[in-house]
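Given next, in structure tokens, is a single chain: the form predicted alone.
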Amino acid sequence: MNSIVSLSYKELLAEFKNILKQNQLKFTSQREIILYTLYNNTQHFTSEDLYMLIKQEYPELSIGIATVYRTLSLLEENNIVSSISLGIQGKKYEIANKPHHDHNICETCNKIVEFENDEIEELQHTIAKENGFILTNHLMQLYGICKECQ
């Protein structure tokens, strides 16, 4: 799979089913709801946040936190979700099925604000070229203190 950026939910679900099959894992409603919830939310989730949201939105669903952890790990390994490491606070996950963007991260409350900047993107390519690299991917995380925490 080259890129999932342009995949619809139906296409992404088909890709997920293939990944499960390749890993000899069953397709379950719990796993589908994890993918569906990530796909339909723009926020960044810790495993625990995602688990609590699913328990709240689907109270009849029997799901364990271990299923969330394992499914997120599988999705990340297969580039369907990406994560931001927050050190001892763990990781926050987001669906990778959206255009490239970078992140501002508050060091106090861990708030994450996405941003896009064409000038920064161009500068990164220029710097890579000046150093003899062809830029294939990057992750930019800017750390600071958000307005609410200042």
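Quick caveat, the model's predicted, so the values are computed rather than measured. Heads up: residue numbers just count along the shown sequence, starting at 1.
Below, we refer to the form predicted together with another copy of the chain, which is not included among the displayed structures.
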Answer among 51 to 59, 64 to 72, 102 to 110, 25 to 33 for heavy atoms within 4.5 Å of another copy of the chain in the model of the complex: the stretch 102 to 110
*Would you check, heavy atoms only and a 4.5 Å threshold, whether N18 touches another copy of the chain in the model of the complex?*
no
In the model of the complex, does N117 have a heavy atom within 4.5 Å of another copy of the chain? yes
Is Q124 close enough to touch another copy of the chain in the model of the complex, meaning at least one heavy atom pair within 4.5 Å? yes
With the cut-off set at 4.5 Å between non-hydrogen atoms, does Q150 touch another copy of the chain in the model of the complex? yes
In sequence order, the residues of 115 to 143 that place a heavy atom within 4.5 Å of another copy of the chain in the model of the complex are F115, N117, E119, I120, L123, Q124, I127, A128, N131, G132, F133, I134, L135, T136, N137, H138, L139, M140, Q141, L142, Y143
